[in-house]
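Quick heads-up: it's one chain on its own, the form predicted on its own, in structure tokens.
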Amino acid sequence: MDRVKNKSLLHKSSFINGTWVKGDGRTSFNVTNPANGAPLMSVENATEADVHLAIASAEKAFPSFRSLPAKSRAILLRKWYDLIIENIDDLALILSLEQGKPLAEARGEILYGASYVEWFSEEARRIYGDIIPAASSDKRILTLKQPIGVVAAITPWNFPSAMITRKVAPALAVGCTVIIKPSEETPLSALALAELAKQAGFPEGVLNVIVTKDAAMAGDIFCQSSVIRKLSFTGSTAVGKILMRKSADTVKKLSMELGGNAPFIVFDDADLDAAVKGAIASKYRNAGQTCVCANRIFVQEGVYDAFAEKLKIEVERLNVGSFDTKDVAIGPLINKAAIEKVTRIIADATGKGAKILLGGEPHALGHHFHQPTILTNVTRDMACFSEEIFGPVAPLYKFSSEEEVIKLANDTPYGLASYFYARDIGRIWRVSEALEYGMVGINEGIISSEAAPFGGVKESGNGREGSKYGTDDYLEIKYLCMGGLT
């Protein structure tokens, strides 16, 4: 961490009620660089008492923070945004060191995450109610939108900065107070953002960060607490279902951005060069460790061979290496378990008849690196059809008709992101409406934007993050009926 210039961004303990909570015999754990396993920092493990303290602090801060004029909250968020941009180089370096993605990609994540802070600093002043025509002349019907209360946000390691800002910025914009529980794999980015929020002037208790290896402990307390009125989670569907069950007794409002199994469809009328470019952007970004990355690539039989060959040529050009390697495109996977999963999925596919067009093995760099891989002759009975790969493996499936591929694409309990390439306008409308997904990329491989609603359907979750809809999950609608007016 010696390369980080602004040392004030480096912290090793939880941030609660405006202070860094440490000492008192707490245990600690190492945050490591996934490229080589080297320890970066030793971080103190939060206790149950710390989690309860964070909840109490957020509860105490809520009444005064919700009462702040919307313009005042907007100014605070804008200051936070400005500080993030001022420190972008250090924030990107911290992110790359603990998560592994290439430095240019990490910088892009910081900009992307900051865009949500900027967007919701502007939306803070646009939380409108309504006046509804009443049934009689002596009544008036009004609706108000009010902050739901204390919010808990549980965020993943694959986007350790952007997943925080995407949840926290709208919550703060409308007047909620928040407690963030980042992944134990990547807590340093969260603590750096907390430092900048403190410098921006957020009041004590408004933003808290709990760092712990005991995710189940923190999750249980969040779910059981009647103080926390909203829980936002990004992670696996299995864990999301557990959190939903455990939140039932306190009837919390939930936002769940869960697993994906994104289809990427290439029709025979597609621009193949554009489709290859989109497939690489969608599949290999963050070494394939994104919930919206292309998981199943369906190519119509008439262009299958041509697409596969074009894809192979371009993927061969992707450099694998540590985040600071020149022209690196693909970094390491996050840990040993990730490498083992990718290896198992490839072995399952080849054992059932798939062919390796490119890659297929752990990379010569060793540790958590894996070769970018392309599989052909892939069929629906292979694990890669039903499992989220979360690695740099592109399985190519062959299909004949539009009807067939829509059935294949929808044959999954997940419904987060989907993509297809085509030029026929009728086909574009038919396929867009038929795909059972919360997001559809049409002739585009990168679809995330602060101005668009991000979220899924079916077992990929509920709620939307970003856009004008992004504040809805942090608000309650109150109805006022005024009588006796004549």
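Keep in mind it's a predicted model, so treat the numbers as computed, not measured. For every residue, the number given is its place in the sequence shown, counted from 1.
One more form of this protein, predicted together with a small molecule, exists but is not displayed; see below.
Only one of 318-326, 159-167, 238-246, 138-146 places residue heavy atoms within 4.5 angstroms of the small molecule in the predicted complex, namely 159-167.
Every residue of the trio Y112, E257 and F454 has some heavy atom no more than 4.5 Å from the small molecule in the predicted complex. In the predicted complex, the small molecule lies within 4.5 Å of some heavy atom of V292. Within 4.5 Å of any heavy atom of the small molecule in the predicted complex lies no heavy atom of R229.
Looking at T412, you'd find every heavy atom of it more than 4.5 angstroms from the small molecule in the predicted complex. In the predicted complex, the small molecule sits beyond 4.5 Å of every heavy atom of T373. Among Q300, T212, S96, T234, the residue placing a heavy atom within 4.5 Å of the small molecule in the predicted complex is T234. Of the residues given (K252, R285, K198, H363), R285 alone sits with a heavy atom within 4.5 Å of the small molecule in the predicted complex.
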